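First, one chain by itself in structure tokens, the form predicted alone.
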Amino acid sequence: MYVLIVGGGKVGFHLGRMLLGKQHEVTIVEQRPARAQLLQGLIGDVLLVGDGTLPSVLEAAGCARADIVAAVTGDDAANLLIAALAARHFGAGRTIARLNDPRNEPLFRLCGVEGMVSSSSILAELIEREVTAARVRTLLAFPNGGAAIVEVDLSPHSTAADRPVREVPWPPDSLLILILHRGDVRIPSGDTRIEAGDRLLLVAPPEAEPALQSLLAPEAP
């Protein structure tokens, strides 16, 4: 896979080094010559010195053949422009833009940028998962907002524990798709018995999540 990274700061550097370690082809575009020289000494000759908001620089970096273009500079305006150019002008496979200020998210969405990475929102989500470990966790939300893939650890206090799938009063429009049981992956059928401590993956609409929480991971009585 060819990944074009625009922005050679800490995010771009660590992302590039990780991808190179996994044997992917990587180019990092960095407009600061001194920073580019430092990066070249750290990760090798994968640097292109230039302003990534310029079409000529993106063209020289092979933007048109990139499987992924990641705009990870510290400037939201630059990231928005780079993502738009990569997607609309060069037809890159997929674009991801770093969102430094969460208040700019509506503008990114308005401009059609779907792949956004916000360090603040990631941190908030990690904290939320640590503080509320028993709650239903959203793994993937589908674009239309009608459903999501969620996971939840089955509490020993749940009425669903130690019952076959067919006997559990699942919320409307929710579907159990996978059970992780003591390290084993199980594709459930109606007769599959779920046990306390199992991790369940379900497809469910957002409005079903409170019911799933109450059913599968209630607070201790």
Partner chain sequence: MRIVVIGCGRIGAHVAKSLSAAGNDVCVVDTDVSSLSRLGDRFRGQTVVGHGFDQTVLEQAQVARADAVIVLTNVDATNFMVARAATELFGVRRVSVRVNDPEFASVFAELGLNILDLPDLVLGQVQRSLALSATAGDGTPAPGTAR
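Numbering follows the first chain given and starts at 1. All figures in this text were calculated on a predicted structure; none of them were measured in a lab.
There is another form of this protein, the form predicted together with its partner chain, and it is not shown here; the text below is about that form.
Taking the partner from the other structure, its partner chain in the predicted bound form has no heavy atom within 4.5 Å of any heavy atom of Ser158. Among heavy atoms of Asn104, some come within 4.5 Å of its partner chain in the predicted bound form. Put simply, Leu110 is close to its partner chain in the predicted bound form: some heavy atom of it is within 4.5 Å. For the chain shown alone, Gly62 is not a contact residue for its partner chain in the predicted bound form, no non-hydrogen atom being within 4.5 angstroms. Taking a 4.5 Å heavy atom cutoff to its partner chain in the predicted bound form, the contact residue among Leu54, Leu178, Leu38, Leu175 is Leu54. Interface residue among Ile96, Leu80, Ala147, Ala92, judged by heavy atoms within 4.5 Å of its partner chain in the predicted bound form: Leu80.
With the partner omitted here, the stretch from 148-156, 54-62, 163-171, 184-192 that lies within 4.5 Å of its partner chain by heavy atoms in the predicted bound form is 54-62. The partner is not shown here, but in the predicted bound form the stretch 84-103 reaches within 4.5 angstroms of its partner chain through a heavy atom at Ala84, Leu85, Arg88, His89, Arg103.
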